[in-house]
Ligand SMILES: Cc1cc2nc3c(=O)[nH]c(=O)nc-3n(C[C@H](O)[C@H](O)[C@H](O)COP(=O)(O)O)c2cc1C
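Below you will find one chain, with nothing else, as structure tokens; this is the form predicted on its own, and questions on how it binds or moves follow later.
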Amino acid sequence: MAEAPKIDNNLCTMCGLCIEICPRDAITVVDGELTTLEGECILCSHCYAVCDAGAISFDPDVLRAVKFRTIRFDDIPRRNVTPADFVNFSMSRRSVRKYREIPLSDNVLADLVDFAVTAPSGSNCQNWCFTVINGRDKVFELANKIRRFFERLNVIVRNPVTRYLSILFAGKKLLKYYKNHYNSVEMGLNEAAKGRDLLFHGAPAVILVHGGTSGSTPFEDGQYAAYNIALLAHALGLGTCFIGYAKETIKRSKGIRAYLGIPAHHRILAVLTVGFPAVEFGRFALRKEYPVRFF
């Protein structure tokens, strides 16, 4: 039962909070003492977090406290951030597409990943993995591999006969790509030939979030984790940007996946650039009108 909480009944006050908070009813009372039911725990650690007596713990090889290398913080939860401060901070985060030539330490990037895994996940699966590419030369090499992928793709879709024959085995994917992306990608390839990095925008680091597809919400889980990275990066004075072209390319390229050491059964959930912004925004961005209905 290594994955079940350990209960010290000498410390337990029998307050019952752990029983009430457990989402799987994995904790119960037997003969006047707390005990756990084998195979029921999903490792959410709600019982640990609610126990003021310190009577509940977990095997450190199964669950660990999140530790940061460059950030000091209280290990007692605080919820005294005002709504106004939270809204101001969140709205001031922008997608950054121009970075300064300042390298990032491995420790800072490791802290971003450690904060990523504090995000919620469906059934507490935490089924995510991270690949960190740190160094402008490494990022540019990945950009070049993606560039070569699109060069080959554009050669294929440039031929109208190939585009229409592909309907027989690939549906209308190539037709849609040609209509929606061919021209912009061709422009990007021309700029890349001049040494410009229009894909990663000169960022010194890139973080990939990937994982298997088991669990109830694997794709949403990856987005939560990725946005945690974006928020903490913003608090650290860094910028981020979600790179959709890179996500879709790495998902489809066996060669790039092998180069990055990403397992074949993993889905690419997010690709983010990270670095110091070269531009400072002094006003909040505007937003489109949106539909909403209340029932």
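Bear in mind the structure is a predicted one, so any value in this text is a computation, not a measurement. Each residue number is its position in the shown sequence, starting from 1.
Below, we refer to the form predicted in complex with the ligand, which is not included among the displayed structures.
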Partner contact for R136 in the predicted bound form: the ligand, 4.5 angstroms, heavy atom:
no
4.5 Å heavy atom contact, G244 to the ligand in the predicted bound form
yes
4.5 Å heavy atom contact, R283 to the ligand in the predicted bound form
no
Can you work out whether H201 and the ligand are in contact in the predicted bound form, taking contact to mean some heavy atom pair no more than 4.5 Å apart?
yes
Which one, 205-213, 177-185, 104-112, 90-98, holds residues whose non-hydrogen atoms are within 4.5 Å of the ligand in the predicted bound form?
90-98
Heavy atom within 4.5 Å of the ligand in the predicted bound form: which residues of 259-295 qualify?
R287
